[in-house]
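There is one chain below, alone, in structure tokens, taken in the form predicted on its own.
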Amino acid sequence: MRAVGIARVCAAIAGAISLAAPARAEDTIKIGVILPISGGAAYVGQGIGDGVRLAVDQINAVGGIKGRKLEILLRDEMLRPDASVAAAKELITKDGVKFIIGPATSATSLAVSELAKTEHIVNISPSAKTEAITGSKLHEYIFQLAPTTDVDGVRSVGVLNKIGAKSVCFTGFDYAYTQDWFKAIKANMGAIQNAGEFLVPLNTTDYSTVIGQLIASSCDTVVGTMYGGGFIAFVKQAAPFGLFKTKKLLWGANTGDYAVAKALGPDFPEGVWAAASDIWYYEGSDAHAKYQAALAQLQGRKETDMWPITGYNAVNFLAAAIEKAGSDDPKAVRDALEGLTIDSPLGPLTVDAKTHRANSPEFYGQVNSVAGSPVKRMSPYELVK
């Protein structure tokens, strides 16, 4: 299928990006956006929201879609499935929303997806990775852009083989993403030995017990999934005990992101293998350079974070599908999304017509100090598709 060029419908703009101004209902296409905008994962919601706003503003700057502007209606998921569903219900019943982007995390995404199934609302999941979203819970109105945990598992085993892992112990927050990712790794790691799991509840703040368990384990490599503030706290608590000097580390949960590196500063352990949906220092295509320039202007810094590209691609998929369908009818847009390709900043991206997955590419690499960089970066790194 022919790629729908972002360049054709999006023009680079200058100045601040803000929510679309109110307009008559018939003149706008409302997009419900459900993200964490409070609490410990607010930086994730802020990043995805920046990407959504950038794409919306670019599309609106060239006249919208067939003369209709896009309008964002943002709600807080609070990292709670019940709050996410309540927000989605309000968007659908009160605001008449036909399309929802988000939520950001696996548990909340699964909950909202079930509502979208019942209400026949197109739901694009930009960042959640759990395989169940488009696996056991697949339905005709859900579309998943991030690489699923089974794909991540294969990619991760490639890293484990590269670093010569012989025995692996698993740690992280005990939730859907962790369980699915670990399952996928174990299914593909062949001769690499499984030395056990050491999981902690979400929102854990004291990691002393699990740190002791990891140090005592016979594994030579630790695979982990604490994210955001949890990962930062884990690193600071584990460093004095020498964990990062005695074990190799491969960390999921997008710890290759600039925001994490900045927060940890010099405390980020050298040599940790990490992943990220995007990196600002990637020397790739002109399309990526233009996207990064626009994002840097929006965020007010050259060192942008990785989350915006997920929201950016979600909006452009939705816009391209509406344009292709010639309608904002959810069923027509759903049909248009199946098999649709867009030219993303990291190259062509396609939603598989049967699985409703795009399995976006990601960067993998070792986090190290780089001369001239204010924070540690993935160096070397590789874009894995």
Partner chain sequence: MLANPIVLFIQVMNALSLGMSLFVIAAGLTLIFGVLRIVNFAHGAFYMVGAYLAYTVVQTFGDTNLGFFLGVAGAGLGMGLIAFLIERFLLTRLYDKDPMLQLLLTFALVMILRDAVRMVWGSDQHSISTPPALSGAVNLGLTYYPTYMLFLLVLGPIVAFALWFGIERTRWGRIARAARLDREMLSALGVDVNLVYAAVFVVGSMLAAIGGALAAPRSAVDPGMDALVIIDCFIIVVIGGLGSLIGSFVGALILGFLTIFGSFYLQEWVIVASYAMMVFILILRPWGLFGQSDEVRH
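Positions refer to the first chain, counted from 1. This is a predicted model, so every value here is computed, not measured.
As for the form predicted together with its partner chain, it is not shown, yet the points below apply to it.
**Q** Please state whether all three residues 28, 338 and 348 have a non-hydrogen atom within 4.5 angstroms of its partner chain in the predicted bound form.
**A** No residue of the spot touches its partner chain in the predicted bound form.
**Q** Against its partner chain in the predicted bound form, would residue 303 count as a contact residue? Criterion: heavy atoms within 4.5 Å.
**A** No.
**Q** Residue 153: heavy atom within 4.5 Å of its partner chain in the predicted bound form?
**A** No, residue 153 stays farther than 4.5 Å from its partner chain in the predicted bound form.
**Q** Is the gap between residue 330 and its partner chain in the predicted bound form 4.5 Å or less for some heavy atom pair?
**A** No, residue 330 stays farther than 4.5 Å from its partner chain in the predicted bound form.
**Q** Could you tell me if residue 251 has a non-hydrogen atom within 4.5 Å of its partner chain in the predicted bound form?
**A** No, residue 251 is distant from the partner.
**Q** With the partner removed from view, which of 274 to 282, 229 to 237, 160 to 168, 184 to 192 is the stretch that lies within 4.5 Å of its partner chain in the predicted bound form, judged by heavy atom distances?
**A** Looking at the other structure, the answer is 229 to 237.
**Q** Work out which of 72, 199, 298, 138 lies within 4.5 Å of its partner chain in the predicted bound form, going by heavy atoms.
**A** The option sitting close enough to the partner is 199.
**Q** What are the residues of 67 to 84, in order along the chain, with a heavy atom within 4.5 Å of its partner chain in the predicted bound form?
**A** Contacts from 67 to 84: none.
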